[in-house]
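Okay, so here's just one chain, in structure tokens, the form predicted on its own.
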Amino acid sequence: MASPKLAAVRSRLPAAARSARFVPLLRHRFYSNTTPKTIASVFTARRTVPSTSAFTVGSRRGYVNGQDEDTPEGLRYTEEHEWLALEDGNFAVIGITAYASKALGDVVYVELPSVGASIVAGEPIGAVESVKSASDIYSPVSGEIIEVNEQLDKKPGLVNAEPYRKGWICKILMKDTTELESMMDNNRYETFIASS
């Protein structure tokens, strides 16, 4: 369920742009003070490591070496512009892609899921709000939320600045790894966004 803050932002958007899904938002023009603006930025996400787990922030460089790429190899992608990185067995880290973060513009608020929540693939688990629009975040897999990136409470702009490093959204203990088969690799995702 979307937050009251997200609902308020959506209520200010044109009727055609109030869709809960992100993809339709990319195809609409938004108008502010009679000046047309198109969404040119989207989400990106990065990960932080739990202090109580086997991971440590200092030893993790994120999912991309060097500068962030638009569609790094080794990650899986969805049509809703989320990415997933596998970690140690059935653990997965998810976030929003650089393409999505660019389309959204400057992110000002991230609604994070609750740790311990059971989630179903394709269902909303949070939301991202920017100066241009708001969009739900969808889980690419089913399972349980085991960690969230609490840095995003104070620094939501990490979603824009470092989508595949510090801007990750949450970590999930996956229930069924066969759900990964329906996700795209970086080449298929690049083809998908080029045809959007």
Partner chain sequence: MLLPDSRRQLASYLCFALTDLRRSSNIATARSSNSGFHRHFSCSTISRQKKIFDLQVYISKSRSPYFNLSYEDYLFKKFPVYTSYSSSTTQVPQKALLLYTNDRSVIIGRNQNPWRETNVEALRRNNVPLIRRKSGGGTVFHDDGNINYSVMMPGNLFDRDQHAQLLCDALNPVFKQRGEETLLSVNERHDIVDQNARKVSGSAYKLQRGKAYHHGTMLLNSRLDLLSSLLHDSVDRSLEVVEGPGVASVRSPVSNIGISNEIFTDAAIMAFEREYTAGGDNAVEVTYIDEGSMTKEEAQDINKSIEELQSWEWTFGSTPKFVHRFLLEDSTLAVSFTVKEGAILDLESDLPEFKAFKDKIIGTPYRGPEVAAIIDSELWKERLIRAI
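Residue numbers count along the first chain shown, from 1. Keep in mind that what you see is a predicted model, and the values were worked out from it rather than measured.
One more form of this protein should be noted, the form predicted in complex with the partner chain, which is absent from this view; the next part is about it.
The closest heavy atom approach of residue 130 to the partner chain in the model of the complex falls within 4.5 Å. At the 4.5 Å threshold, heavy atoms of residue 77 stay clear of the partner chain in the model of the complex, well away from it.
With a 4.5 Å cutoff on heavy atoms, residue 91 does not count as touching the partner chain in the model of the complex; it lies far away. Within this chain, residue 134 lines the site of the partner chain in the model of the complex, having a heavy atom no more than 4.5 Å away. In sequence order, 79, 80, 81, 82, 96, 99, 100, 103, 104, 108, 109, 111 are the residues of 78-112 having a heavy atom within 4.5 Å of the partner chain in the model of the complex; the partner itself is omitted from this view.
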